[in-house]
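Shown next as structure tokens: one chain only, the form predicted on its own.
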Amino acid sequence: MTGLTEEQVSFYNKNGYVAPIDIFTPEQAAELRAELESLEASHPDAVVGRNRNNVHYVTPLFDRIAHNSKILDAVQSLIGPNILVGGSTLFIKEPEQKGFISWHQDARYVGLEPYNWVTAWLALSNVTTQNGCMYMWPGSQHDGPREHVDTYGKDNLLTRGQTIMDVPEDITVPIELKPGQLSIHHPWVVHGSGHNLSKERRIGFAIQSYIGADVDSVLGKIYVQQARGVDTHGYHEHTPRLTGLMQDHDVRFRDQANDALKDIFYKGAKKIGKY
């Protein structure tokens, strides 16, 4: 196992994120992107709308990424050797698209406790300030949960448009990545991303989340896959890895998992959003 360096772990513990982490070579990343775009051409509904959630259940591309050993090495440096894949989301911002992600904390609505888990975000394109990269509020994870307002903004890519107000944007840090690079962030770190102002696609795949075996779901049911180690607690129902591209039984299971995820994300909400 290579994993993160001591300096990277220390940076993560202080700031709530670590980036960039080299995972794939530029050539490998280009091949992954080409595979995604071939998938979009052959199965146009596979990775849009609600189907952008849990794409690793139905596409070999994202299954391979979610179980990639170099990513798991980095994650193990932060949460230990018993790692479960708890979900995934594909985030694509098309050229000159108005979609954005408001300031938020992942832990606020996911219901995973204790907080021995991370979100890993892999770039499949250049990710820059011009095309809508993430910004992090360094150290904000140390203050725990913050108040969110459900805006349901039409261009907001979050389920409820959940937003933390009065974030000191002047001290936030852009997370620019090259294709094949990864960022990892803490459940409580405040982060968000802006519009894509460029003429390029911004493509990112988030594993939301890699959880330790000691992490339970307190708001509803989730499904997991064993990524590494053993499940020492048995809190969740395990599911096998996929059998091929968009197989009927895998698609039905993805829809089932997304229904369960919807129940969690909208628990206590006044209305249901588009995701």
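Only a predicted model underlies this, so the values are computations on that prediction, with no experimental measurement involved. Numbering starts at 1 and runs along the sequence shown.
We do not show the form predicted in complex with a small molecule, though everything after this point is about it.
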query	finding
The unique member of Q76, S88, Q162, S193 whose heavy atoms fall within 4.5 Å of the small molecule in the predicted complex	S193
A206, A46, L245, L219 - the one with a heavy atom within 4.5 Å of the small molecule in the predicted complex	A206
Region of this chain that lies against the small molecule in the predicted complex, out of 172-180, 137-145, 103-111, 68-76 [heavy atom, 4.5 Å]	103-111
Residue contact check: T119 to the small molecule in the predicted complex, 4.5 Å heavy atom	yes
